[in-house]
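To begin, one chain is listed below as structure tokens, in the form predicted on its own.
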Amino acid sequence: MTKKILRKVLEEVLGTEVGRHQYASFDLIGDIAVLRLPGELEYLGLLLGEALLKANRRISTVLLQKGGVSGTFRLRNLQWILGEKRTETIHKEHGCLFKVDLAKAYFSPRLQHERLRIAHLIKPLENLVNLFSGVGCFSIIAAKHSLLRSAFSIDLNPDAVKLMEENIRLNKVEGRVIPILGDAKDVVEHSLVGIADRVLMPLPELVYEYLDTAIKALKPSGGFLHLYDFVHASRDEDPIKKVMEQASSRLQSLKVKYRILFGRIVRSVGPNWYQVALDVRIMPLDEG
């Protein structure tokens, strides 16, 4: 309903024919709405923000995201529009509570289906290594919705790790979700080689650069990789197939035995751009 309100405002301001073809969206994170508009429509931020506040009583703050995420920590460039002047909130998802600060650590509510899907794949007493944990959502939801033994949750951003530590306490998963500050390559090399039944790689920008690290973290008996990638696909191309081909090429170069078990489009991230998830089984070399 709220998205229809945005469309209605665009059509009223720009005219029906122009407005219906313009892009406007928002993420609702806790009680904060993050508007996303093309650069040429950012001047409508205040008007659209007012419409959001009227349409949804859950919203206390409206922020405008200017451009994409950027920098080593993949942070949003946010401009306050209306409501309470803050970037911190509590987000609820799948029975869990997450403290997030959108100015300090990356968070997307658009991965909620994936977070629960991964949790439901985990078998009792498995070890999960999450190479890019952020504020801990994947790991904590996995701990709450499965019987995993441990989730080793790594992130390079000190602010993200502080929030993750608080979220671990909020959700009472101390001892099962282990927060680790550092670069995933260094952390795995020094303390997590051969420990994981599953490795999670929810950072598309680094998925292939860290593929060797993910494989090192798996047990000698093999295990599962959960990979995420961005891909451009025209109307006559299959985004999932393109990511499968890319992943296969990289896995073959690492001389491992593998089988791609599943692929799905997670979301659209722009015109003809998609985020795709792959589940891959890595097998020991002596297994056919």
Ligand SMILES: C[S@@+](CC[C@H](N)C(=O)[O-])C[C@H]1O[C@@H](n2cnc3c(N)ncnc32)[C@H](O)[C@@H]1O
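We number the residues from 1 along the sequence you see. This structure is a prediction, so every number in the text was calculated from the model and none was measured.
Separately, the form predicted in complex with the named molecule exists; it is not shown, and the next lines address it.
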item	value
Among 183-191, 118-126, 144-152, 81-89, the region lying within 4.5 Å of the named molecule in the predicted complex by heavy atom distance	183-191
All of 207, 274 and 276 with a heavy atom within 4.5 Å of the named molecule in the predicted complex	no
is_contact(residue 140, the named molecule) in the predicted complex, heavy atom dist at most 4.5 Å	no
Non-hydrogen atom contact residue 167 with the named molecule in the predicted complex at 4.5 angstroms	no
Residue 111, heavy atom within 4.5 angstroms of the named molecule in the predicted complex	yes
4.5 Å heavy atom contact, residue 214 to the named molecule in the predicted complex	no
Listed residue (203, 173, 96, 163) with a non-hydrogen atom within 4.5 angstroms of the named molecule in the predicted complex	203
Sequence-ordered list of residues in 122-143 near the named molecule in the predicted complex, where near means a heavy atom within 4.5 Å	131, 132, 133, 134, 137, 138
